[in-house]
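What follows is one chain in structure tokens, specifically the form predicted alone.
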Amino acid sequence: MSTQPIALEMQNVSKRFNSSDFKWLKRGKETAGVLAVNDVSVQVYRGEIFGVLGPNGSGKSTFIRLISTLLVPDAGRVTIFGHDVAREERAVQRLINRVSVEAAFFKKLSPFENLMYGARLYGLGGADARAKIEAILKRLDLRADAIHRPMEEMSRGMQQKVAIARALLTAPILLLLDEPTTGLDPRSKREVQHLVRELRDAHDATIVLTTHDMGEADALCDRIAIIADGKIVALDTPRGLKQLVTRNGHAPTLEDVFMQLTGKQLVTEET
């Protein structure tokens, strides 16, 4: 049991979708008429990088949306640093931010212009916003010649860095990263992973991360929850999870654990 404060707690949380939710479900890869999240209870401690792994349709997208206030649970309770997600939505939104593989921008605008727009939405403005944006962009090692170029001319890796920069404008203490490195080239992926570690180590952020990259989960996460059919089927450190699998002449990997517990391969979703 950790002595750290609890950043996120889910208590017996369930979420079911019906046919009227089909449009959202199609994008989220969940299935109508079933429990997308089924009686889930979990605690994430302050300062953790907490990973969520699951096959397509397992409920991990719903898991993230329930935490981020985009969905309300049908049963159970979700709290962020003691604030109830359903009853204290505004308070929760001040503490969190979310970065997804589908991050949206004004593609004709530059990173700096997109961030200035985001700053205004967050109630930031003037010289303070400009100074904060410049500091964040510098920390993300965005090239000077890229900061004022249209987003549509940038690589996926650069765009994902800008998405993270936008999330940092509010200095969230709980950052939700939903497939943040999907589709990135190896160098951009390493840079984003380095930033994730920095956010936890230097800025006291708690991070919940969904990923399809087993190596990424193994390298970054303090603990990992494996979800299948809406339930958490295992939760432990990467090392602890690997001890669940018979060695069979080689050192077990997270992929071995995943396949044994779910009976499925972890296939990257279409972006």
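The structure displayed is predicted, hence computed values, not measured ones. Sequential numbering from 1, following the sequence displayed.
This protein has a second form, the form predicted in complex with a small molecule, left out of what is shown; the following refers to that one.
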- Query: Is there a non-hydrogen atom of Val34 within 4.5 angstroms of a non-hydrogen atom of the small molecule in the predicted complex?
  - Reply: yes
- Does at least one non-hydrogen atom of Thr206 fall within 4.5 angstroms of the small molecule in the predicted complex? no
- Message: Under a 4.5 Å heavy atom criterion, is Pro55 part of the interface with the small molecule in the predicted complex?
- Response: yes
- Task: Flag Gly51 as yes or no: does it have a non-hydrogen atom within 4.5 angstroms of any non-hydrogen atom of the small molecule in the predicted complex?
- Result: no
- Spot the stretch among 56-64, 198-206, 39-47, 217-225 with residues whose non-hydrogen atoms come within 4.5 Å of the small molecule in the predicted complex. 56-64
